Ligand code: EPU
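Single chain ahead, written as structure tokens, the form predicted on its own.
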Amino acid sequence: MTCAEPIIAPASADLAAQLRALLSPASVLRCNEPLAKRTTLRVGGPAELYVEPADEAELAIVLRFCCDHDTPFFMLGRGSNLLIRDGGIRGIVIHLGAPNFTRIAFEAGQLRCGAGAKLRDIALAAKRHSLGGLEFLEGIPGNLGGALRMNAGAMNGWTFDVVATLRYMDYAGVAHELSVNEVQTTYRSCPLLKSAVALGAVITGRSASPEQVEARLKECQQKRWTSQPKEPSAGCIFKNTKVSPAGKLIDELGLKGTRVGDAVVSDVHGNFIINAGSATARDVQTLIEIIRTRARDQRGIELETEVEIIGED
């Protein structure tokens, strides 16, 4: 455990010592952990406490600890679709990056995947086992837990379209498993996982040759790299509206290339804000408000952010 300049000292150090005493040495616990490097946009302040539980039992300890000590926590995946404010996150940031959470196993024609498994790795595992229909996952820069929480989609495919069963843990530290038919999902959301932690899922596909899967993977990759920027971003900033896709609207408003500091509206896709070098979260937030104001004033459209904005200013 390291505690260099905690953002809330000495309380955070005391909290860390209490939690460390409950966890095994296999779990990671750090104070004042930089989070910008853990997001795809590469901005944001530190976590007061950062924890990587070694397994489900250790995760249950952390969740119960947060409940007992009235301490807020945030589940951090690969940091896509996320904007962390420059003041960082108070409380505990939990990341399921240990091997027990990142496993991908082929069982009875399906893939049993941990919440920490990268979506790209799941798509490639499907290829190795001649499973088609999962190629769209390759283009989503996240892990399974985040994709389940927001029912992430790409290339006309949605995460829960390929889920057979969902495994999750409630905040009391008890694990559950449900058939996908028992799980409510909506556009860009799984309401259940707003008050529970995804542990993993059984993913199902259809029989296909490796050549067929490879061809579809290349098709998805080509479409992604010709329609999305290569620079650091959080993915789509706004949800599509009923009257127009957000990217098309932003393009029509003449906002491509608009810049605040090193935060820039991408010239490739108007619904992406890129980090051109040393952008801050405040730069990005200011740019978001410029876009929302222009859409409201000129089109009467209220743009709703798709990216999750958290943390302290």
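Being a predicted model, the structure only gives us computed values, none of them experimental. All residue numbers refer to positions in the sequence shown, first residue = 1.
Omitted here: the form predicted together with the named molecule. The next part is about that form.
- Contact check for Arg188: a non-hydrogen atom falls within 4.5 Å of the named molecule in the model of the complex.
- Although the partner is absent here, Phe272 is a contact residue: one of its heavy atoms lies within 4.5 angstroms of the named molecule in the model of the complex.
- Taking non-hydrogen atoms only, Gly247 approaches the named molecule to within 4.5 angstroms in the model of the complex.
- For Gly91, no non-hydrogen atom is located within 4.5 Å of the named molecule in the model of the complex, even though that partner is not displayed.
- Of the candidate stretches 247-255, 45-53, 29-37, 274-282, only 247-255 has residues with heavy atoms within 4.5 Å of the named molecule in the model of the complex.
- Proximity to the named molecule in the model of the complex, defined as a heavy atom within 4.5 Å, holds among Ser130, Thr71, Thr165, Asn240 only for Asn240.
- Of the listed positions (Gly97, Gly205, Gly235, Gly173), a single one reaches within 4.5 angstroms of the named molecule by any non-hydrogen atom in the model of the complex, namely Gly235.
- If you take 298-313 and check each residue for a heavy atom within 4.5 Å of the named molecule in the model of the complex, you get just Glu306.
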